[in-house]
Each structure stands twice: as C-alpha cells, then as structure tokens.
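Encoded as structure tokens, the following chain is the form predicted on its own, with no partner shown.
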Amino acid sequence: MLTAADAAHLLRRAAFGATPDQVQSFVGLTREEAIDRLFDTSTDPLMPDYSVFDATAAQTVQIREVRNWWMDRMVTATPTVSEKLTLFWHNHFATAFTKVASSELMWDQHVVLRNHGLGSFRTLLEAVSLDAAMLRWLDNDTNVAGAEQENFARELMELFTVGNGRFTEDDVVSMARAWTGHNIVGGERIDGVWRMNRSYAFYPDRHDDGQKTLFGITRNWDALDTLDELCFGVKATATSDYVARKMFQFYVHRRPSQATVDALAATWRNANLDSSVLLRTILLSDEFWAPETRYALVKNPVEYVVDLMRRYGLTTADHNFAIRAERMGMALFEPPNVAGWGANGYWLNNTASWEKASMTNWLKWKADDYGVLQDLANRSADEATDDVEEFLGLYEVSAQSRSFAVGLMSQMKNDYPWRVTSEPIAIGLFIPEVQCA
C-alpha cells in the first residue's frame, strides 16, 4: 500500500507534483491501483480548438498564449499521465517555433503528441513525421529527387528511433531519397490571393522511385516503408532499446543497466510498441519505487515552476510564470536544438539558479497575499518545518536537509520574528529536495 511519501514520489514523476490533498487521495492504494488511476485519462479536460487563441495577434503573441495555456493545464488538470508524457514526446520530437514560424502548426503538432502519445509508437512516428511543423523544422518540405535534403532523414534515425551509431552515412542518403516528394502544399491561390499552405502533400513527380539500399536491404523504399522497418523490421531491437532507455531515464533515473533496458525493450516489442505498455511497465518496476530513486532527478524548469504554481493556487493570469521558466532555460515550444533539452546537470547552472532565487523572492513576498504558510507564529521551529515540508510535498528529506531547514527556521523565529509571514516559504525552497523529482 502506498504511503504519503510513495504517492508524492509517483505524482512528481508521472505528473507534475500534487497538493497535499491529492497526495492523500493516493495513500492506501496499491501500486497497480494508483497507476490505473493515473492512466484514467477520461478526467483530462477537453482540448480546445485553436480558434480560442487570438488570431489577430502577432505570431509571437499567439505562441505565448499557447505556452500559457499548456502551463495552466499542467497546473489545474487532475493529475494523470497525459501532461508529463506529452512533455516527454515534445522533447523527443523536439521542434521549435522560431523556425516553424507558425504558432498554429506548433499547436497542431502538440495535439498529435497528445492524441497518440499513449498509443502505437509507429502511429505516433508517422503522424509526427508527416506533420507540417516537423516537415518545416527538419527541411523535408524541400526534399525532392535530384536535390535531396538529408536533415530529416538523419534525425529520424539518430534522435527519434535507433540512436546514434546504429546507421551509416549511406543509410542517410537512402533514407533521404525514400522521403523525397513528401513535402507541403506550398503557395496556393485562394479567391485571387496567394497564401502559404504548409499542410502535408505527397508529389509523385518529386519522389525518387529508384532502387535504394537501406540497412543492407535493396528495394524501392518509400517513406512509410522506412518507418515499418525502423519499428518492426531489422531495426526493431535498436529502436525499442533507444526509446525505452530514454523513457526510463525521463521517469526513473539516468543510469539504467543494459539488462533493464533489454527487458523493457522486449516487453515493448511484444506489445507492438504500445507506449502505454512501456510507460506502465516502467512505473510498476521495482527500480522506479526503490529508495535510491527518490529525488534522483533534477526538476526541469517547467516541472519546478508548475509545481509551485499549483501549491500557491496560481495561474499564468496571476503572473508570467512562462517567462520564469524561460529565464531558467526552458520555453515550451522552443527547445534549444534538434536534440531538445538536457536533463539533471543540464539544469544546474548560474542562469537557472539566479532566476530561481528571483522567483523565490517574489513568492515569499506574495505568501501573505495568497495565505501561504501564515499560521506559524506560535509553532516551534520543528513544527513549522513540518508544515513547510508538507506544503512543498516533501515527505522524505535527508537528515542534513532537515537540520538545515530547522536551523534556519529557528534563527528566523528568534532573530526576525516579524518575517514569519514571508520567510518560511523561502526557507523551504532552499531545501535541496525541492529542486529534485
């Protein structure tokens, strides 16, 4: 049966943290029952149509609205696996607004990731590959026979499926030839006005119909054939190994053994690459629940900011939290490159620390306004620290962290009692475990 510490761990990893009441609602469940509840996505709010965003605004304004919408949804939606998994796929198929130059196309890709993230990886891979944002991002919109563009072909293998070192340069050339003609509509005249239509379109006259040798197999390869081969053919083991490892690292810890990855990959292949089976297997694994796994990952800025938004009961209408996350190095829909954002030590840098300190200062002075941790004047330093740890979802901290927090709380209550309405949250945010998931 889950303890509060177990429930908090699960909700930090599978979702974006939880309030004390949400944690308590999982206490007493078995692991299987708790994970079944998180996989019940029937509670997810309905997706709005893109028309809810201001179509008259500049593209940079629209993408900011989309970014705020997603952060608010992470905060307010009942915790399920949907939001965290969509973020995983967003980073896996990293695509950036600055090059795509259309907030609507970024939204459409987001919908693809959300709709297919818990289903067949093969279906998801095809949907993303033929998505207008991806076609633009990795230049397959200009990939035509006789003037092949290899960008998408390379990243399809290196970043999305088999991983680096598991294909050759000749494979890249053949893959690019197979994807020729899989472009976008381009300019079209509507009511006498030329407009750019970036929807997917296949042009047979731009496609290379010649024989191509891919992964040692010579045939007239076409785009969708290559996806089948990557998922279920000679590269099936490499693809399942690469993606299973990456998902394990995102949800559990960064150093899985090869035996662990092999077992996950085999389970996933036996389930025809059903991603819900892979994720469920990871979350039910003993490694996920092991004591040494707790707080073994550094929160990325979105995880960090969203968790605090929920605890304060705030949305982006109250404060520009998306800018906070961006200043820490993570703007949704704007990964730094084709490989996406890094993890763990990637987020331990001066820039992120400086912005976290700025946000901490803002939050502590807003504690009184929002009634956060305000009833601590007559509590001992130990009791006050208990309240702070519960508010922040910290049900198991190291003795060193505990001693550190109690010491600061005691000093504050003895030397600066007038700060009892603002400093407790700041003290809590200095606890190292707050930075970790």
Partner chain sequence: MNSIVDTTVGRRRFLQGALATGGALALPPLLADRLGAATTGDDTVLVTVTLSGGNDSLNTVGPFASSLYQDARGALAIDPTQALAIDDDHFFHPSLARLATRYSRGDVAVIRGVGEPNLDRSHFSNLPRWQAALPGGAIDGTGWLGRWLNHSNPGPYGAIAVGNRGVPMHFRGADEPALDIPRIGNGLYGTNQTHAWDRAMYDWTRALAGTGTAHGGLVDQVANATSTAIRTAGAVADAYPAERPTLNLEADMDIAARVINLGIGTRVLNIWQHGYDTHDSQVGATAIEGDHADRLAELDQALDTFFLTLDPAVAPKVMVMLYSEFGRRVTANGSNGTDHGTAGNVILIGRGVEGGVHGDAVDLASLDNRGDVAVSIDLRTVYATVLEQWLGTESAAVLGSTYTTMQLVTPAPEPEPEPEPQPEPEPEPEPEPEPQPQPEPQPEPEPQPEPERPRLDPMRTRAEEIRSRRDTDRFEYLRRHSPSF
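This structure is a prediction, so every number in the text was calculated from the model and none was measured. Numbering follows the first chain given and starts at 1.
Quick note: we don't show the form predicted in complex with its partner chain, though the next part is all about it.
J.: Answer yes if any heavy atom of Phe250 is within 4.5 Å of a heavy atom of its partner chain in the predicted bound form; otherwise answer no.
T.: No, Phe250 sits far enough from its partner chain in the predicted bound form that none of its heavy atoms falls within 4.5 Å.
J.: Using 4.5 Å between non-hydrogen atoms, is Pro336 touching its partner chain in the predicted bound form?
T.: The answer is yes: Pro336 has a heavy atom within 4.5 Å of its partner chain.
J.: With the partner left out of view, is Arg294 within 4.5 angstroms of its partner chain in the predicted bound form by any non-hydrogen atom?
T.: Residue-level check for Arg294: yes, a contact with its partner chain.
J.: With the partner left out here, check for me: in the predicted bound form, does some heavy atom of Thr56 sit within 4.5 Å of its partner chain?
T.: Contact check for Thr56: no, nothing within 4.5 Å of its partner chain in the predicted bound form.
J.: Looking at Ser398, Ser380, Thr41, Gln374, which has any heavy atom no more than 4.5 Å from its partner chain in the predicted bound form?
T.: Spelling it out, the residue with a heavy atom inside the cut-off is Ser398.
J.: Exactly one residue in Arg73, His90, Arg136, Arg311 has a non-hydrogen atom within 4.5 Å of its partner chain in the predicted bound form; which is it?
T.: Partner contact (heavy atom, 4.5 Å) among the options: Arg136.
J.: Among 27-35, 65-73, 42-50, 401-409, which stretch has residues whose heavy atoms lie within 4.5 Å of its partner chain in the predicted bound form?
T.: Only one stretch passes the 4.5 Å heavy-atom test: 401-409.
J.: Non-hydrogen atoms within 4.5 angstroms of its partner chain in the predicted bound form: do Thr98, Asn344 and Ala426 all have one?
T.: So, yes: the whole triplet contacts its partner chain.
J.: Check each residue of 128-158 against its partner chain in the predicted bound form and list those with a heavy atom within 4.5 Å, in sequence order.
T.: In sequence order, Arg136, Asp139, Thr142, Ala147, Glu148, Gln149, Glu150, Asn151, Arg154, Glu155, Glu158 come within 4.5 Å of the partner.
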